[in-house]
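Consider the single chain below, provided in structure tokens and representing the form predicted alone.
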Amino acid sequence: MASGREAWITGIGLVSSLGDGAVDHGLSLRRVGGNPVVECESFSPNCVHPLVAFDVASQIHSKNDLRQMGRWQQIGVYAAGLALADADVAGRKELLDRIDIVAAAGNGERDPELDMRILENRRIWDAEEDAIGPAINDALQTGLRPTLYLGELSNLLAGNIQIVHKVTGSSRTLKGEEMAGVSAVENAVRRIAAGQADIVLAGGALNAERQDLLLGYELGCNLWAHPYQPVWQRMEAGSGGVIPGSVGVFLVIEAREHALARGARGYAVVQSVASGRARRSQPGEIRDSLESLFDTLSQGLATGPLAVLSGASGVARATAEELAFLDSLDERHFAPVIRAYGSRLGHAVEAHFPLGIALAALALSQGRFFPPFDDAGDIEVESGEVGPLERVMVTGVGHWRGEGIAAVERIPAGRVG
């Protein structure tokens, strides 16, 4: 990434299975031996990290607005409101008019009951082959609620943020699972560094408590279909797999000069973001991609202990190759201290990389790294050797495609604002 203006994180909006707001997450993740919140009965044999109860009406006041949103949009719009309030820009029209939005969005939710009715009736329709097409069209026309499709459009996450929170700058919607989240952060930071934006709202959301979402990942053989285990233990078990987590996360990313001019405080600075997309046709390509990205990221980076927030999904191949890359950092005179945050919050797909950036900013603002999220084995060691926390590397390796790395650094004393 070309050097330019510093990109500060000045607002964090976060809701997940662990809590509502940045403070809740900071406290929960620092609890030594803290247990993740997991639901393994409703979607058996799969587990999910269910969203904590939260007052959505505190951010989305209009019942009409709330009614026309899909659940994942409600989660995202709520998290965006938290971020704007945390950055002290909520309700300030002179700032909201200039805030750009970069949203990482997935596909909307289906109507499982209608799907089941169509599949059940298919046996009847099969008796008359010519009747199948018209019968399915009729079932869709009469069964689908007109608002369902509109409420699930990917670009309406950004649109609803604009409507509800009066954020009237430009908006971009990025799709592509984990890479959408990587690209959202990268896009925001690049635009600030290049002087194309002063303040950007970037993030995403995932509603993991969905039968249709779990079915899609199961068809790709990506889910962990066993009792809960942390990320690294799933990989070591052989088959690996994802345990999804419901998450809404948005970040206010702002040019340093802009933040200081309005008296805003910064959590941390996103120093650089690098992304790639290995073909993954041969073993080792994921590791090669990460090493290439790290070559770019590590220029000027002091060697020694390096705090790492790994976005590993638990899918065997991608997770094993990421771990091999992290282990190889010793050869470059870095000593990684690793935390796989998916062990505690689940895998949030589009929202996962912004989630890692948010957690890195929280840790840096508090000056110390998180305790191990998985204390079984020697992958996650105690962080005493890190010393005063100066920087955190965040990884985002897609369960299927895409790789990303970011360096997030502490804002030196006297420059915090």
Partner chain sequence: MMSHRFTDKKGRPVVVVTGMGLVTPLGWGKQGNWGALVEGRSGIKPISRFPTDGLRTTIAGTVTPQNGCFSSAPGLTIEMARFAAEEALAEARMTDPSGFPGPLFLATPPAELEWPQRQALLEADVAGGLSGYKRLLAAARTGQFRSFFETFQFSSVADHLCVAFQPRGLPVSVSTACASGATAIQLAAEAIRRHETDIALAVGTDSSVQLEALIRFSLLSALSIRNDEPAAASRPFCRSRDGFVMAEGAAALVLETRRSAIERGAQILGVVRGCGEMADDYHRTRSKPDGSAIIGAMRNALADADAAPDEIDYVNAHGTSTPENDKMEYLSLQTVLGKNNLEATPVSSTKSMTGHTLSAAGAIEAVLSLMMIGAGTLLPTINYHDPDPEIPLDVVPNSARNAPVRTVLSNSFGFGGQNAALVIGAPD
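Keep in mind that what you see is a predicted model, and the values were worked out from it rather than measured. Residue numbers count along the first chain shown, from 1. Think of the rigid core as the biggest set of C-alphas that the two forms share within 1.5 Å after superposition.
If you look for the form predicted together with its partner chain, you will not find it shown, but the lines that follow are about it.
When its partner chain is considered in the predicted complex, only one residue from A261, I136, A302, A335 comes within 4.5 Å through any heavy atom, namely I136. With the partner omitted here, the residue from S292, Q233, S170, S328 that has a non-hydrogen atom within 4.5 angstroms of its partner chain in the predicted complex is S170.
Taken together, the three residues I253, S383 and E409 all stay farther than 4.5 Å from its partner chain in the predicted complex, as judged by their closest heavy atom. Put simply, R265 is far from its partner chain in the predicted complex: not one heavy atom of it is within 4.5 Å.
Shown alone here, I132 lies within 4.5 Å of its partner chain in the predicted complex, counting heavy atoms only.
Taking non-hydrogen atoms only, L174 approaches its partner chain to within 4.5 angstroms in the predicted complex. Using a 4.5 angstroms threshold between heavy atoms, R110 counts as touching its partner chain in the predicted complex. Per the 4.5 Å heavy atom criterion, its partner chain in the predicted complex is contacted by stretch 180-188, the sole one of 180-188, 338-346, 82-90, 244-252.
Contacts to its partner chain in the predicted complex (heavy atom within 4.5 Å) from stretch 62-87: D65, Q68, M69. Once the rigid core is overlaid between the shown form and the other one, G240 counts among the residues whose Cα shifts by 2 Å or more.
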